[in-house]
Ligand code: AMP
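In structure tokens, the next block holds one chain alone, the form predicted on its own.
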Amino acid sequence: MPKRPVARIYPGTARHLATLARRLSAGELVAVPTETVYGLAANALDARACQKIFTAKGRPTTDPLIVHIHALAQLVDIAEPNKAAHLLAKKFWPGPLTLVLPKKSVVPAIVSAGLPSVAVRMPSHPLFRRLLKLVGVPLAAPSANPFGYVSPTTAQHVRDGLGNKIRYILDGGPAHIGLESTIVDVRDPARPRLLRPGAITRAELEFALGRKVAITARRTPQSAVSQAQLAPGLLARHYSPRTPIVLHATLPGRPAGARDEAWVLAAKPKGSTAPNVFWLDAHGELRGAARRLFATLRRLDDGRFKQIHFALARGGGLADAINDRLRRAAAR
């Protein structure tokens, strides 16, 4: 039986964007760059096209998709926004913020896991925005990786994971942020809830809204995967490499241990280091650490280590988002 061709990576030229827009309009899948991570896109208003996303990723249909728009005018076509949604959209869109709102009937049930809500965001990546405008319809796009595995932050990551499942990948360079979007439930504008931390912090949300934002601290157990989720990224285990992860409140500046175990520091230590010692950012800056987190996980997962030791990020804000991903990646 002949093997399916490996997905082709397309540079972001005008001609290629037009080609990929036609493929999306025809109900096919295209992996796309965003400022957060790479997504696997389909026409969000086409249930059959969106079903292909779940098939390609091996994703349960109880895990909803985020719908991406290129203009604020599209929001009212698919959702019922309120004052809180307008405040947050005006402040943070285009950008790494997803809003959960009551949905319009035009959004297929498969996109929202059968729930009467929809998760929406307006991305800031220039190539993705051009593609959205060319297609002319909202695009559903979860992370472009096998379900539950480490999210992709480059076109090659997508090809490594889904190369025999899809045909088209748009190359927009490495993701600038490196973590999935912040998700806020604003169905009740008087009681906003932070469902998933990201680059836009809880403090920034509260300042924009002028009110407290509650945190959904409970992680959905893996046994509940058969139940419809309000938003993606809520399962206890997610973003996970094959190699077991061990988390630490702190790690020594020069960790020592078996050579078949990897040690990941927040910052580059001074002087020489062992070949099994790595770091997320040379200066320990959180934005650099977030940007390199998933790429580092993938690299070490291919390194034949028995365990990967990580120090949890310190502080609040973006540190909360990094630690959220690490805790889910380490869950068993």
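The structure displayed is predicted, hence computed values, not measured ones. Start at 1 and count along the sequence shown; that's the residue number.
The same protein also exists as the form predicted in complex with this ligand; that form is not shown, yet it is the one meant from here on.
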Quiz item: Which listed residue (A208, L195, A109, A85) meets the criterion of a heavy atom within 4.5 Å of this ligand in the predicted complex?
Solution: L195
Quiz prompt | Heavy atom of A31 within 4.5 Å of this ligand in the predicted complex | solution = no
Quiz item: Hey, in the predicted complex, does R59 get a heavy atom within 4.5 angstroms of this ligand?
Solution: yes
Self-check item: this ligand contact in the predicted complex: A119, any heavy atom under 4.5 Å
Solution: yes
Exercise. Answer for V135 alone: is it within 4.5 Å of this ligand in the predicted complex, judged on heavy atom distances?
Key: no
Quiz item: Heavy atoms within 4.5 Å of this ligand in the predicted complex: which of the stretches 140 to 148, 162 to 170, 122 to 130, 244 to 252 has them?
Solution: 140 to 148
Practice problem: Within 4.5 Å of this ligand in the predicted complex, which residues of 58 to 82 have a heavy atom? Give them in sequence order, or say none. | Solution: R59, D63, P64, L65, I66
